[in-house]
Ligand code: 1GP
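Shown below, as structure tokens, is a lone chain in the form predicted on its own; questions about how it binds or moves come after it.
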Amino acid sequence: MKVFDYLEKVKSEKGAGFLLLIDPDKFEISESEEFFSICNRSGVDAFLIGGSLVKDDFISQIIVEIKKFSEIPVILFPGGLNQVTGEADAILFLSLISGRNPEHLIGKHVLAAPLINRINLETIATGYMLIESGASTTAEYMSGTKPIPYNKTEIAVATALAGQYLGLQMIYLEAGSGAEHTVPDRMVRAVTKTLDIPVIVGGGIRSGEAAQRKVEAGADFVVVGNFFEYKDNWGEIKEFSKVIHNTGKRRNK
């Protein structure tokens, strides 16, 4: 089964999916077995791996570690060409549609396409939208683009709809790593009501309550990353999964 079809199945059967984001710069290989055993027991639906700034080229090594201990799909969430590897199951082929930097709309994609084709990696065409979060994020700085203002819901809706009309398979609303505020619930609600394609929401989600609000607002997939970089929080992975799935099922009844 293709990864995109698997995600559609998760959405259909569980109401909403839980994606756990791994930043290679902040992951300790020595703790792999413990961490992924917890993820296996807790109902994580897929791993995203990547980041805006990856100093060491060891994404492949981390994915090999994941596959030693887990059968959960691994999806690249790349911040650059150096993060593309055939060890993954799929790649979010991101187009930064909230910005106007041509390098992140099509430029880097042209460079990546031959490599992705050569390693026969499944692509999931994804419209990536940075949303103002109250703090300057790494993604904003590295991409050289301004986020959509926090209170400009109509711009977010129009941008996401344009992405759908361009044939993108998913839209990713991103507050960014280290965000002070999550993507506004009213914006999530407006975008998801308008679109016919799945919507991912991430950035600044540090509690089950925050994850629940995103699903109630219509998010099909919720991404949590920074919160689980701290070992003390690993015990909450199962709770996040339970909240996301249960809320999704209730919402879709």
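Quick note: we count residues from 1 along the sequence shown, nothing fancier. Bear in mind that the values here come from a model prediction, so they are computed numbers and not experimental data.
The next section is about a form of this same protein that is not shown, the form predicted in complex with this ligand.
Partner contact region in the model of the complex: 221 to 229, out of 62 to 70, 36 to 44, 189 to 197, 221 to 229, criterion any non-hydrogen atom within 4.5 Å of this ligand. Remark: residue 179 counts among the residues lining this ligand in the model of the complex, judged by a heavy atom distance of 4.5 Å or less. Taking the partner from the other structure, this ligand in the model of the complex has no heavy atom within 4.5 Å of any heavy atom of residue 132. Shown alone here, residue 243 lies farther than 4.5 Å from this ligand in the model of the complex, counting heavy atoms only.
The closest heavy atom approach of residue 215 to this ligand in the model of the complex falls outside 4.5 Å. Of the residues in 104 to 130, only 128 comes within 4.5 Å of this ligand in the model of the complex through at least one heavy atom.
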